[in-house]
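Have a look below at one chain only, the form predicted on its own, in structure tokens format.
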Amino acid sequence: MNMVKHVPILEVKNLEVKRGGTVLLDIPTLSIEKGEILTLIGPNGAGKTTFLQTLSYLLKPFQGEILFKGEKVETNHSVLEYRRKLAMVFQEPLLFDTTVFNNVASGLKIRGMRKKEIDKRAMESLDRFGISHLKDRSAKTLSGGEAQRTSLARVFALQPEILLLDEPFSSLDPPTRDALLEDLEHILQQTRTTALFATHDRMEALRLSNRIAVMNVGKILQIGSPGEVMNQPIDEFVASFVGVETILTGKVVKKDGGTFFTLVEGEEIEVVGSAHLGETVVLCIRPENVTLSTRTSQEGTSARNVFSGRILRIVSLGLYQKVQLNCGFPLVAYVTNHSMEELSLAEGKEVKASFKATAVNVIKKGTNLRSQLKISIVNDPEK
């Protein structure tokens, strides 16, 4: 029986971009599955835009290979043929000075399609993004959200196999961004379009992604499912970028079955896992995994780690509060506004802080980053 070899829709090998002796992009290998939404997150200058522009052949020259459905572009596929399979949406909509309909139909006209098919596809795409009522409006009169919907409708009218999105929502106000994200999520699922989405907003990444790739200085530091990347960061940079507010360094002083104890600034923190006595480790604790309570209400908790602490600072984050504590070591918790009132939390107040041993992610000092990255890819539950 002949086995059909699995081929990803897009794959890069030894991809490197240099300018003036500086390496802007260095990605040894990465594959994207058909229908997958892969989000690239990282700070400004991380290489997200450079990567997307290289994939779309907008940025040349570069070293390495880009394979589309297993065939190397420029060898088995012409660049023009390959680029016709792609569409890219930028941060700014870049619309023509004409009507919304003509903007959406522009790519189809360039490809020489018949008017009947152009009208059909353009109207379907306008309906999909809820802007058919704007079809005769001048693009110059559109709001930011309407303009970006027009830009997205234009690329979806082309029915691309791969969609590249370069921070398309960063200039929109929160309600407009949320509504457009919801529509885009539904349309991507409906059309099964493969997408690479670059953003520095981790909440956008969590909302859309099958996998997340964290980038910095042109490299992919970690790639995996949203849960894996957010809860099991591979190093301290990734941890801080994905919202881990407490990052502590300590030494393993005791082991007990499936847990070990780490000494951090005179306090012992219990962690599920294995480690060697005397080993230095980094502990990562997400703020939503820390629970605060008054002294009298602490009995009955199942958390292994319970510490007395003093509130140093409270920062309002809208729907919840960020509480910074001194428990002998620094600790950050997120607390709902309801809990703030119920516990009468205030700066200077003494409280009990608790978190489970399973809620602590451990980074072993000196662990080879490349080997951890390979493990992350192999064990990705989305594969």
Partner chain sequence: MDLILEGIKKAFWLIVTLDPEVLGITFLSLQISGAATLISLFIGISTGVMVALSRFSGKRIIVSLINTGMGLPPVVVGLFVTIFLWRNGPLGFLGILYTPTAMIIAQSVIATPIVMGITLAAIQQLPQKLRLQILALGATRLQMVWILIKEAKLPLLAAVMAGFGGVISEVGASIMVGGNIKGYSRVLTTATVMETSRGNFDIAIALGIILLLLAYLINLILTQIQQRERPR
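Numbering follows the first chain given and starts at 1. Source: prediction; values computed, not measured.
Below, we turn to the form predicted in complex with its partner chain, even though it does not appear here.
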Problem - Candidate site 163, 178 and 203: all three near its partner chain in the predicted complex by heavy atom within 4.5 Å - result: no
Fill in the blank from the handout: The listed residue (250, 93, 145, 226) that reaches within 4.5 Å of its partner chain in the predicted complex by any heavy atom is 93
Problem - Contact assignment for its partner chain in the predicted complex, among 231, 106, 259, 293, heavy atom within 4.5 Å - result: 106
Problem - Exercise: residue 304 in contact with its partner chain in the predicted complex, heavy atom 4.5 Å - result: no
Handout entry: its partner chain contact in the predicted complex: residue 84, any heavy atom under 4.5 Å
Key = yes
Practice task
Would you check, heavy atoms only and a 4.5 Å threshold, whether residue 111 touches its partner chain in the predicted complex?
Solution key: yes
Practice task
Please run the contact check for residue 154 against its partner chain in the predicted complex: heavy atoms, 4.5 angstroms, yes or no?
Solution key: yes
Completion exercise
Note: its partner chain not shown here; in the predicted complex, the stretch from 213-221, 187-195, 275-283, 85-93 having heavy atoms within 4.5 Å of it is 85-93
Problem - Residues within 4.5 Å of its partner chain in the predicted complex, restricted to 51-66 and counted by heavy atom - result: 53, 58
